[in-house]
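Given next are two forms of a protein chain, the same chain in both, each as structure tokens and marked structure 1 or structure 2.
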Structure 1
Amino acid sequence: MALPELLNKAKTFGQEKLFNFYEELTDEQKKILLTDVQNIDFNLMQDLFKKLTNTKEETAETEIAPIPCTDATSMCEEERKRLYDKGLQVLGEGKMAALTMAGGQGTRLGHTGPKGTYDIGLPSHKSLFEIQCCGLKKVSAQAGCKVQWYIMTSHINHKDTVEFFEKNNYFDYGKENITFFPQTMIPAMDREGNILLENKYTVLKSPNGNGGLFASLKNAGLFEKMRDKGISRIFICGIDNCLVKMADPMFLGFLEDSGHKAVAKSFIKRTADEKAGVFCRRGGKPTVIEYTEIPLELAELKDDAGVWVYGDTNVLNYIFDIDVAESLAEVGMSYHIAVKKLNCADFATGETVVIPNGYKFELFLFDAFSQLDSLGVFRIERKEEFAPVKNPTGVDSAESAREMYMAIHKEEN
């Protein structure tokens, strides 16, 4: 589309400020702006702003029920080994890929650069990417087959991520075994509903949340490529849990054994009101209910053994059958809104300014669970497998993660 059409379109949606500096741009910059504006889904952005101004969030009054869970923490050694061996065999046949979601901006951590390049302060100074790669090397050696590794980046950190791997010789995992793909981006807005500019010729965009995963895989043509490699299962995790068991054979054995097409790890919350989403069924379908949404009497409910009935916390660690993952790429999910400090271009001067309460939009992967007939929940021990790096200090920080990592991985710090 050329300038007149795009300008008209922007005007129709009250977004003509995007062209405030057009006349002073170079030809190259004009091209960048026109491409950016062409890629905006104005209808979607308008709907999102309407949702924002409609203060009453729609929450479906559907029945909440517990979801069955398999408790790996109370399994006997023999059963754990049986599941582990079963998973290891499937891994050895090259049927499962590992996928790390590393498209986030890590704003809380305040690290400049991709979060995966962060050094949590181990004696070896291994980055989060290298920690995950070490896990993959170990399990690949056991399985006798290199687990293919897919890394979701965003347009903001893609180049830096790839360069980091190149500089580190792909941690000797083999370039051919690692695939990077960028996730979809979505424009950010101010409180008046203006789509923002990052500078005079670029729309301000942010990654569209971890829920953008399946559509981004599809856009990159990766489902087909995975199938060509014989991959039929995808292990999924975030970049910031430095205790994640990469391509965990026991978890895979659970998927194979249970007959579920999707499985999720959980651990039991520590307090009734812990600020974390928990697994449940809603309207008969698996889902995660946020701590803000769950009625207090359900949050406090315990079973006969004294365990929270709604206590299985979402760890952001899953395995999906590839066909199911692909089908979720087509599902229309709803965006969640995050109020964030944003750096953007002033519409009058083009200078960079900080907006304290801008709007970013994110999809959450667990919203797709309601499309599944079943979800196998696999309960693990928190202290063995969960050490997230979200903040520079304090709770869920590099400090706490380092301590936990060193306690578990005594010989390879």
Structure 2
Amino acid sequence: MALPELLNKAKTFGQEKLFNFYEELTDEQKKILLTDVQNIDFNLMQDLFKKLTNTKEETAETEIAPIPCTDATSMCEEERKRLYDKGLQVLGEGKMAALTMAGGQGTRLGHTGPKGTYDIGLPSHKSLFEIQCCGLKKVSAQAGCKVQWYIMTSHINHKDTVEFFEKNNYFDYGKENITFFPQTMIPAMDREGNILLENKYTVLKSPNGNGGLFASLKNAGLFEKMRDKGISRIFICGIDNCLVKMADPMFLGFLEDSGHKAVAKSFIKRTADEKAGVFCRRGGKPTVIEYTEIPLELAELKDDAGVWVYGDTNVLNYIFDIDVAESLAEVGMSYHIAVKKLNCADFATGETVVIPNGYKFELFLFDAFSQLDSLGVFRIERKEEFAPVKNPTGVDSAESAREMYMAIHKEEN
């Protein structure tokens, strides 16, 4: 679109301030601003602001019920091997890709750069990226086929992530087996509903949350490319869990056996009030309910074996059928709103200012479950597969994750 058309569109939605500095810009800067504005979904942003200001928003009361779970921790070795071998066969046919969500920075860890480049302090000094790559190498060798690896970055760290892999020769996994793609971004707003500028010629944007994964894959044209490679399953995980079993054959075997189009790993919560979302059925649909939403009597409910009825915690580890994943890219999930301190350009001067209560918007991947008719839940042992790296010390820290990793991977530290 040309300037007059974009300016008129912005005015229609009360967002003409985006062009406050247009006449001061260089030709290149004008091009950046016009592209940014053209990519804004003004209807969506208007709807999100209305949601913010709608104090009478109603939440539907729907029945909460337990969701069936397959407990891998209590399986006999024979059954575990059967599932593992079944999954390994599918991997050997090249039918599943691995996907890592790695759009964040390591700021909370005191690390400069993408979180995946962080060294958790192993004797080998492997980064989080290299740890996951080692997992893929191992399972690929067993399957006799390289598992294709897709890494979702963000505009904040895409360039640094790609350069890190280039510098490390793609950890000898092969450049042709790794695909980087950027996460979709969404503008930020102030309390008056103004879409903000990062500087005089750039709209202030942030990643649209892990729930934007499927749309990001679609925008990058990757569903079609995956199918061309014969891929029909997508294993999904985050970058910060150093114990994740990449492209886990047993998990894949469970999917193939279950008849479900999507499966998720879980582990049992430690306490009734542990601050984590748990799997359940709500209104007959699979979902994750936040610990703040579940009634106390349900949170404390145990079965005859003394296990929490609503205790299967969301691990952020899934496998989706590719057709389901693509269909979810078309479904409009609800955005969650986060109040954040934002650095942005002052609309009067263009100078950088800090607003204490700006709005960012995120999609959560687990909201996609409510679009499905069924979901397979695969219960694992927490200490064997979950060691998140979120803090420099203490709980869920590099320190605790390193200790857990070294206890399991003694031979390859």
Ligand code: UTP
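Every residue number counts along structure 1's sequence, beginning with 1. Basically, rigid core = biggest C-alpha set you can superpose within 1.5 Å across the two forms. If you're wondering where the values come from, they're calculated on a predicted model, not measured in any experiment.
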Note to self: form predicted together with this ligand is structure 1
Could you check whether the CA atom of residue 386 moves 2 Å or more between structure 1 and structure 2, using the rigid core for the fit? no
Residue 105: after superposing the rigid core, is there a C-alpha shift of 2 Å or more between structure 1 and structure 2? yes
With both forms fit on the core, is the shift of the CA atom of residue 356 between structure 1 and structure 2 2 Å or larger? yes
Please state the CA displacement of residue 189 between structure 1 and structure 2 in angstrom, with both forms fitted on the core. 2.9
With both forms put on the same core, how far apart in Å are the CA positions of residue 13 between structure 1 and structure 2? 4.2
